[in-house]
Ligand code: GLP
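Taking the form predicted on its own, here's one chain by itself in structure tokens.
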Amino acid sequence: MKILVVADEQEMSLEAARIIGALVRTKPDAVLGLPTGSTPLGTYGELARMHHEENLDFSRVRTINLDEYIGLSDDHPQSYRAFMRKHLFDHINIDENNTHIPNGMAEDVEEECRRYDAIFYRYGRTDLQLIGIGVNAHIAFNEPADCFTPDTHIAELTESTIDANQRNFDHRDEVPRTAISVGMRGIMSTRHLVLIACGEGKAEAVAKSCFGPVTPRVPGSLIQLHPYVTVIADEAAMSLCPVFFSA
């Protein structure tokens, strides 16, 4: 595991974008696993800048997003498809046919989960998987549980996750309670796993995920078993990690 301790959120975003940009330049048809949420916003903004100012070409890139709310259509302003269009896809030259996000309006959600797993099987695996981490150490919508869920599945959101996502909705009761989420096997199958985190609110989750026991009660802890992980976190997010104090 490689850990990059950076000064702040801006530097975290720049470092993550540099890694992704370097991959896209060396492998123009790279498969990227992408998250939503507030943490990757700076990274997506920098990738858009690199496209416009440095001719970073996304025309052959394929993307696989981690999750989508059940019950929200693609054009719902709080859907993750809308999020990705607003913050990345509409600002780069990506072919939207090469972007994959679960269908939150699927009539048969279990079948949609199987369809989504088939995308991973078709590509083999992602070349790079970017992930954030929740305050309870959830990855995508893989919440703390008694066992790791390997495949794409229907996820019941915890109260802490609903609280965190409430900021995107007018009222708490508008936040969906379920989502389609890629499982840990899909996430861990990537060639390069890149975890980004910032703020002291993520410090406990980062410390447990990087240095604690590997347990499904801390979903992020599974990253310790991946052969190629880069953690990019600011000083606040790293403040409870032993490596931070020994630096």
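In this text, residue numbers run from 1 along the sequence as written. In this text the structure is predicted, and so the values were computed from the model without any measurement.
Form predicted together with this ligand: not shown, discussed below.
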item: Contact residue in the predicted bound form, from Q78, N103, T149, N165 (heavy atom within 4.5 Å of this ligand); value: N165
item: This ligand: the contacting residue among N55, S38, S59, T26 in the predicted bound form [heavy atom, 4.5 Å]; value: S38
item: Contact flag, T161 vs this ligand in the predicted bound form, heavy atom cut 4.5 Å; value: yes
item: Partner contact for F120 in the predicted bound form: this ligand, 4.5 angstroms, heavy atom; value: no
item: Contact test in the predicted bound form: F89 vs this ligand, heavy atoms, 4.5 Å; value: no
item: Y116: touches this ligand in the predicted bound form, heavy atom cutoff 4.5 angstroms; value: no
item: Segment that reaches this ligand in the predicted bound form - one of 104-112, 140-148, 90-98, 120-128, heavy atoms within 4.5 Å; value: 140-148
item: Sequence-ordered residues of 190-207 touching this ligand in the predicted bound form, heavy atom within 4.5 Å; value: K202
